[in-house]
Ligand SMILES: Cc1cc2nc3c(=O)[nH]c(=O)nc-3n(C[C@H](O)[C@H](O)[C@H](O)COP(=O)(O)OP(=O)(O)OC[C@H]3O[C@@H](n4cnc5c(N)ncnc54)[C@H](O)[C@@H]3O)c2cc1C
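Listed next as structure tokens is one chain, alone, in the form predicted alone.
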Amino acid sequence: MNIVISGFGVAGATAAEEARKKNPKAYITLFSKEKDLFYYRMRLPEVVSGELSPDKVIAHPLSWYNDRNIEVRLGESLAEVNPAEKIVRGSMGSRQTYDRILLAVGAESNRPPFPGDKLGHIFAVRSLNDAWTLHFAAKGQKHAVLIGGGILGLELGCALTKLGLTITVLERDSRVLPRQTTPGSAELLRRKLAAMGVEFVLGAEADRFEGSGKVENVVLKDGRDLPANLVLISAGVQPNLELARVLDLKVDRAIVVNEFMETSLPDVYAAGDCAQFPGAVGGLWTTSRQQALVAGVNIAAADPAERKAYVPQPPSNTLKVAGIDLVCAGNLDPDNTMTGIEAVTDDIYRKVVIDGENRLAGFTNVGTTNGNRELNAAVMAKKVLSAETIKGLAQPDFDFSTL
């Protein structure tokens, strides 16, 4: 069996490993447009800060793949797929047949157009090379403006503070991390970040960049002018869909797949940030890995009865910044249709969301790690809580061993 995997992020790397476990004799070829081996994307902020060198975030050396008879073609993306003849062509001219192919091509940073966005020192970080380039560009600079206040953006912003920069974050919403916080938890988080040199301009949007050669100012839509030696754009990602469209795969916001990670074309699978199931697009490391664990088995299975089905898990996010603890998982009920139980002190904020059947649907926890493991397990299990437990969760010192 010839297996081709396009993409060498967590989805492609995990699927290759699982396919090898499932089928020791399959010929596995992995195409990657990047020249770096699979690395831990979640650790890119530490590369930006200089706490880790690029080689320290590489998961395995090339010998690891060679030992498992997985051919890795770095710097060569998949340029063409001929499903009629089952032949693929790489961007460097290689050609080979395939029995099954997995598209794990991920996503690219979303770069909204702004007047002046061709000036120097304007960055978006998606790859290891992006992170290392930003590290060197930031050295000796004083102030950065961060456009987009999501979790990754804040982690990168905090990384820049370790190089001596102060950070101003432009957030369109009225609070910090609107998808992961409530007003109370957002204010606690804002204070903690301010102590680290990260300030926020809320309800604000950039209009244009100004400077001579390099960016010097960010002008807001309300006319305000922010000095900036560097601009970092963290405005989400866009799935890579070029090859999917050429193949005429069913595409919505990403490549539509079924529970077996199959696309609309026979023997073509997709997983990770480029895949959509059932109506949700990935974007999380954990989601990409879980999909790849399924896809890897299915692309290597000789018997359809051996296939696995993907079961989505409640999404979870963690802000990985030293000195700040923020974890959220499941449904945070942004529309306030369920019951929210809050526990608040000067240093911690916790909210648990209870659905109409008294099941723990989601939670957010800021300022402490206490209860994260138990709460996450209860969300995953959709655990039904007693009235006494629900009442007790309002206490900051709740005993989570009873959950």
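Because the structure is a prediction, the values reported are computed rather than measured. One-based numbering along the sequence shown.
Same protein, other form: the form predicted together with this ligand, not shown, and the subject of what follows.
When this ligand is considered in the predicted bound form, D273 lines it closely, a heavy atom lying within 4.5 Å. Contact between S185 and this ligand in the predicted bound form is not found at the 4.5 Å heavy atom cutoff. This ligand is not shown here, and in the predicted bound form it never comes within 4.5 Å of any heavy atom of E374. Contact annotation: A206 falls outside 4.5 Å of this ligand in the predicted bound form, judged by heavy atom distances.
In summary, the region of this chain contacting this ligand in the predicted bound form, judged by heavy atoms within 4.5 Å and restricted to 103-111, 299-307, 175-183, 192-200, corresponds to 103-111. This chain lacks the partner; the member of L165, L78, L332, V256 within 4.5 angstroms of this ligand in the predicted bound form by a non-hydrogen atom is L78. In terms of contact with this ligand in the predicted bound form, the residue from K221, K250, K214, K320 that brings a heavy atom within 4.5 Å is K320. Interface residues of 274-309, taken as those with a heavy atom within 4.5 Å of this ligand in the predicted bound form (partner not displayed): G283, L284, W285, T286, S288, in sequence order. Relative to this form, L375 and V281 approach one another in the predicted bound form, with their C-alpha atoms ending up at least 3 Å closer.
In comparison with the shown form, the Cα-Cα distance of V281 and Q238 increases by at least 3 angstroms in the predicted bound form.
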